[in-house]
Structure formats: structure tokens, C-alpha cells
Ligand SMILES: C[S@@+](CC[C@H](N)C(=O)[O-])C[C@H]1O[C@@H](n2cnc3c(N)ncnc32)[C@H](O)[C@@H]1O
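The data below hold one chain only, encoded as C-alpha cells and taken in the form predicted on its own.
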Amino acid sequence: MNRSKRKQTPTSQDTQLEFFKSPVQLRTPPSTRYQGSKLKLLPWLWSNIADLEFDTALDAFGGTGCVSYMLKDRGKHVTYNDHLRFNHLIGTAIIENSRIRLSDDDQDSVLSRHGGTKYKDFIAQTFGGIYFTDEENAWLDVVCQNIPTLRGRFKQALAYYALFQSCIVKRPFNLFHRKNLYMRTADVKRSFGNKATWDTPFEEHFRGFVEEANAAVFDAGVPCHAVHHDALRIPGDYDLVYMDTPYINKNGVGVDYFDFYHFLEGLVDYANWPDRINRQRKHLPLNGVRSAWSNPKQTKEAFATLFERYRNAVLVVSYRSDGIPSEDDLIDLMRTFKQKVRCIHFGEYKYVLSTNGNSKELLIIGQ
């Protein structure tokens, strides 16, 4: 088997990791190109919550897991939550997992066809010409069916983590929001993207991301958990609740993670994937109900319900200055539940793909 390391190519992620050269010494989480990741902001975020009194913490919208990873590194009892199944597996792999890693034999097992196994070819038959090449789709079919044969949920979660990241880096814009394989394959001069990364074989990416994930596993000396719930229905009480909800800009356009990453969600539900697809749309997303967090008419009420649910905890909200509800509305809303509310602005910070230079990152803390 090819055990060569994934080639390192300069990306925005390399620039992000430079931010860790700060006085705040934090263990570096594994890389990701996930939309809206707070990776670059971790030292700033920690500097503003380090003096708060808390031992248990809930990351209610866990996403990439980088904030949970930071809290775990600081010795906090962290509960990572995300309502998407693929994200929950990321939390399981690098937050709840404290010692299990994938061996070379485990990787070989995932990447090889097993004799006597009759593999389905659902991805190859369904997604031709949409996201990946025919050869890549066939590879995905095999790997999807091999991962569940690994012994132990932590090994499976680590393998899924590497699979998700491999899929993301091979996608234009790192998303699955439209049918656009042609952007990878067209023989044209390019002003964006990284064709070398797109053309790197899946197996090479996979092994590289396994190496990163294995290196990220550590024992914090305290139990940490990964759960999969609606943010309003997470059991238990916590000293601090961190909330990084999906963002809706001032024009009412929201970030729909379910639509952006539906393909990854399908990978972890391979057996049921055919029955969940919306075949009326060209990029074949999953059927689903639109969340209140992507609806500008419902999001303020959703925040109120969230603050009420966790009113006994210190509330920490990552937000954008031009979001809906407005910064002032959100601060006023938190004041109905907390006596002391403060808002800290990061300053000039621009997300990848963002065209809004006036939007500022901020942190709202209620005690």
C-alpha cells in the first residue's frame, strides 16, 4: 500500500496556524477547511474567558470541534454537541476520544477491498459528474462500507474524520452546495483554488488526515463527551455554555450547514442515503426541514429560548456585528437573563469566502 504522506501545499489554513504564535499557548487542533471555523480566533477567545469560573462546559454548536478542543486542552470537562451526525463523529474522534488511534493495519483495512464482500456502488451510480470523478466515487463507495467494520467507535470516528476532511479539500470552495465538478476538471487558467490538492488521490489525503487526527488525540485527565442533540434538548447542566450558532447576515442570508455538507452527512448514513435524497435539485442534497437558525424571522426567538434553557450557566456567544438579530438586540436579549453582559470586539477579521469587509467578529458574555 502507498504510505506516502499527503503533500503539504500552502493554503489559508497555513496562515491560520500562524496565529498560534501568540502568548496564549494552546495545543493546536487538527486542520480543517470547514465554513466559519473559529480556529484562528482561539487564542483571542480563550483570553476573554480564561478568568471565568467554570469546570464544566457545553459547546452547543460544536462544528469543527476546535473550541471544544481548546477547552479540553485547558482541562475543562467538555461536552461537544452538534445536530449533524458527521460533526458528532468529529467530536467523538478528537474530543471524547482520549487514547485510541488508527494503526497502519486499520488504514489498510479501510482502503482495501475485502475478499468475499459484495460492495454496493450507490455513490458511483448516483453522483457521477457532480462532486468527484468516477474513479473517486468508486473509491468512496468502498471506504464508506469498510469503515463500519473497524472495531470500536473511536476508530470508526477517526476514519470518518479523515474521510470528511479528504472530501472537503477536494471540493471547490470546500462545499457541496452545487454541482460543479467541472471547476476541478476544466482545462483553464485558474484564479482561485488549489488544483494540486484537488488532483491528489483520495488515499494520500486520507492517510495524511489520519496522521493529523492521531496526533491530535490526547488525554486531558478529565472526562469529555460528544453528543448529538438539538441544542435546546441537550441533557445536563453546565457551568458555561458556548454558542456559535449559524450566522444570518444583515440581508437575511443564512449559513445552512445541512445544505453545505449534506454529502458528508450521507456518508455516515450510507444504507439509508438513497431514501433521503432530494432528487428535484441538481446537486442531490438530503431532504430536511429548514432550521430556525437559518430563518431571519425565527432566529431571535431561537436565541431567547436558548438563553432561557441555559440561564443558570455563564453564556458565551460568538457572533458577527452585522448579524440578524443585531448586535444591540442580542445584547439586550441576554440582559433579560443575565445581570452582567459585556461585548468584546475582535477587530479586523475576515472569513474565507466572505465579501463583507464591514462585519466584525465579537464575543458576548453574560454572567
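Start at 1 with the first residue shown and count on from there. What you see is a predicted model; the values in this text were computed from it and never measured.
Absent from the display: the form predicted in complex with the named molecule. The rest refers to it.
Contact annotation: the named molecule lies within 4.5 Å of heavy atoms from the stretch 35-43 in the predicted bound form, the single such stretch among 50-58, 308-316, 329-337, 35-43. Just one of D134, D275, D230, D105 comes within 4.5 Å of the named molecule in the predicted bound form, counting any heavy atom, and that one is D230.
Taking L84, L284, L181, A138 one by one, only a single residue has any non-hydrogen atom within 4.5 Å of the named molecule in the predicted bound form, and it is L84. The named molecule in the predicted bound form comes within 4.5 Å of no heavy atom belonging to S31. The named molecule in the predicted bound form comes within 4.5 Å of a heavy atom belonging to D244. Shown alone here, W293 lies within 4.5 Å of the named molecule in the predicted bound form, counting heavy atoms only. Shown alone here, Y257 lies within 4.5 Å of the named molecule in the predicted bound form, counting heavy atoms only.
The partner is not shown here, but in the predicted bound form the stretch 49-81 reaches within 4.5 angstroms of the named molecule through a heavy atom at A60, F61, G62, G63, T64, G65, C66, V67, N81.
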